[in-house]
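Before any questions on how it binds or moves, here is one chain, the form predicted alone, in structure tokens.
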Amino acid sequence: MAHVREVSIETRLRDCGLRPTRQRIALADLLFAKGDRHLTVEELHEEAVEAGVPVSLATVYNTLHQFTEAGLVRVLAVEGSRTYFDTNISDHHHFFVEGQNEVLDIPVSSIQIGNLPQPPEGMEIAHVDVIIRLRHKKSR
């Protein structure tokens, strides 16, 4: 069964214009094997180390940015110093649970966005990201 997954990942990488190196295949397998999710570079690196994949943090960083440019994942800048990579590239929004560094998907149909400003001359709106920050209620 793992061989079938590897072939589909190789094809997916090739279709996006990326050469399917061993490290890209291994990282893509870890990244996409668990369905839609949100990971930081450090979290994927930790998973790779635990799975015995010999990659540096810099390689994971570079690979995730290559995957982003190829349209395989999208970047979520939730906090200034913390960037998540989202395997769900469809239009949707996010909850961010403060203090837990957890990101949850919100279906695009759950939010209506209107009255957007006119973009500057020669520009168009590419995407609107909504991040709703949550925290646990304080007990009284």
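Each form is matched to the other, and the largest set of C-alpha atoms that superpose within 1.5 Å is called the rigid core. Each residue number is its position in the shown sequence, starting from 1. Remember, it's a predicted structure, so these values are computed and weren't measured experimentally.
Quick note: we don't show the form predicted together with another copy of the chain, though the next part is all about it.
**Prompt:** Closest heavy atom of residue 55 to another copy of the chain in the predicted bound form, within 4.5 Å or not?
**Reply:** Heavy-atom contact with another copy of the chain at 4.5 Å: absent for residue 55.
**Asked** Is residue 119 close enough to touch another copy of the chain in the predicted bound form, meaning at least one heavy atom pair within 4.5 Å?
**Response** Residue-level check for residue 119: yes, a contact with another copy of the chain.
**Message:** Residue-level contact is defined here as any heavy atom of the residue lying within 4.5 Å of another copy of the chain in the predicted bound form; does residue 110 satisfy this criterion?
**Reply:** Close contact exists here: in the predicted bound form, residue 110 approaches another copy of the chain to within 4.5 Å, heavy atoms only.
**Request:** Would you check, heavy atoms only and a 4.5 Å threshold, whether residue 35 touches another copy of the chain in the predicted bound form?
**Result:** Residue 35 lies outside the contact set for another copy of the chain.
**Item:** Of 106, 51, 89, 70, the one that lies within 4.5 Å of another copy of the chain in the predicted bound form (heavy atoms)
**Value:** Comparing distances to another copy of the chain in the predicted bound form, the residue within 4.5 Å is 106.
**Request:** Spell it out for me: taking another copy of the chain in the predicted bound form, does every residue among 77, 128 and 135 have a heavy atom no farther than 4.5 Å from it?
**Result:** All three within 4.5 Å in the predicted bound form.
**Request:** Sort through 58-66, 89-97, 23-31, 37-45 and report the only stretch with a non-hydrogen atom within 4.5 Å of another copy of the chain in the predicted bound form.
**Result:** Single hit among the candidates: 89-97.
**Request:** Could you tell me whether the Cα atom of residue 81 shifts by at least 2 Å between the shown form and the other one after core superposition?
**Result:** Moves: no, less than 2 Å.
**Message:** If I superpose the two forms on their rigid core, does the C-alpha of residue 123 end up displaced by 2 Å or more between the shown form and the other one?
**Reply:** Indeed, residue 123 is displaced by 2 Å or more.
**Message:** Quick check: residue 35 between the shown form and the other one - does its CA shift reach 2 Å or more after fitting the rigid core?
**Reply:** The answer is no; the displacement is under 2 Å.
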